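Next up: just one chain, as structure tokens, the form predicted alone.
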Amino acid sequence: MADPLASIVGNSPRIRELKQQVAQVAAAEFPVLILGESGAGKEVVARTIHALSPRRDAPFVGQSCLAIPEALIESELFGFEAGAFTDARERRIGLFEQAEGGTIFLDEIGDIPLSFQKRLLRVLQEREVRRLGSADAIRINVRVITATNAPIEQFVSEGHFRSDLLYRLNTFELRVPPLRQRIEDIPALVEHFLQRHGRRFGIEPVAPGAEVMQQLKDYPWPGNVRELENFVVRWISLGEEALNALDKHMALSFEQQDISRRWLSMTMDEIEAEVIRMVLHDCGGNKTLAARRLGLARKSLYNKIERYQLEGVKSKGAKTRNRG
């Protein structure tokens, strides 16, 4: 049987440390909170924890909270009875019940509505759910793993996320490093994706040469491992033309600044505000594209734009103010 830890590809110091942590927490029954940028591989880590756990033969049910409309989140997670609301013609089992005996993975947990957080907290505390339209409590036996790319502690301090819910979710806390912090893993990741997608396409793809591999190591990978995987898919189809799709503007924008003086004299908040302003400008004000490049959920980007008063940024000459 294959080692589940092999699904976390790489052998850099940060990944070796992460694998060790995953192996340690997998046997426990406590909740795990996985932190990391968008595309860094948080779901892979969650699935590996499940595969190493005593619950491995039971279901693994994953869901992005950001993908569920606010009005539907309770019915999606807890289920509903026939007649609970208009169009509820038959009973539906929620995700918690679907994961019975196994693991439920809730991605983008930082984006769940504040109004729903108390109900989720109660489910975690009481280990039972009530379907919409029913007064009967249903006992559940699931392990909860959550993930977010949002600054969750900042959300707590700003009143967007309940502190008691965070304490309930992060008995164990794991951090997945961004790809730019483990560039030595890029060759192994490229080989992994070449094999995976080569089998899917039924071909034996040609691996990038040393010069192309160095270009991949020099690129900042704002979309992390997911962006690298997309590149490999394009490489299989297009060869070196796939390099044209790599957006080097982000790296160049940093190189064009006097990093040794200007950036090192700024606070972290000022640097973050400046980076967001630069990316917004580079994306022509397109917040969806900017969020993707920054590895943020759209809601997180909107919160930061409001915090740093960046609304309406149109040029690199626009000023940034920090509220503190």
Ligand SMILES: Nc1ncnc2c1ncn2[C@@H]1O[C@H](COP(=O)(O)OP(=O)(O)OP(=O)(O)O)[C@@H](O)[C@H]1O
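Note that the coordinates shown come from a computational prediction; the quantities given were computed from them, not determined experimentally. Note that residue numbering begins at 1 and tracks the sequence as displayed.
Missing here is the form predicted together with the ligand; even so, the following discussion is about that form.
By the criterion of a heavy atom within 4.5 Å, residue 270 is excluded from the residues contacting the ligand in the predicted bound form. Although the partner is absent here, residue 282 is not a contact residue: none of its heavy atoms lies within 4.5 angstroms of the ligand in the predicted bound form. The ligand in the predicted bound form is not approached by residue 216, whose heavy atoms all lie more than 4.5 angstroms from it. Contact annotation for residue 295: none of its heavy atoms lies within 4.5 Å of the ligand in the predicted bound form. Considering the ligand in the predicted bound form, the lone stretch of 72-80, 162-170, 189-197, 124-132 in range is 189-197 [heavy atom distance within 4.5 Å]. With the partner omitted here, the residue from 52, 44, 289, 66 that has a non-hydrogen atom within 4.5 angstroms of the ligand in the predicted bound form is 44. Contact annotation for 2-31: residues with any non-hydrogen atom within 4.5 angstroms of the ligand in the predicted bound form are 7, 8, 9, listed in sequence order.
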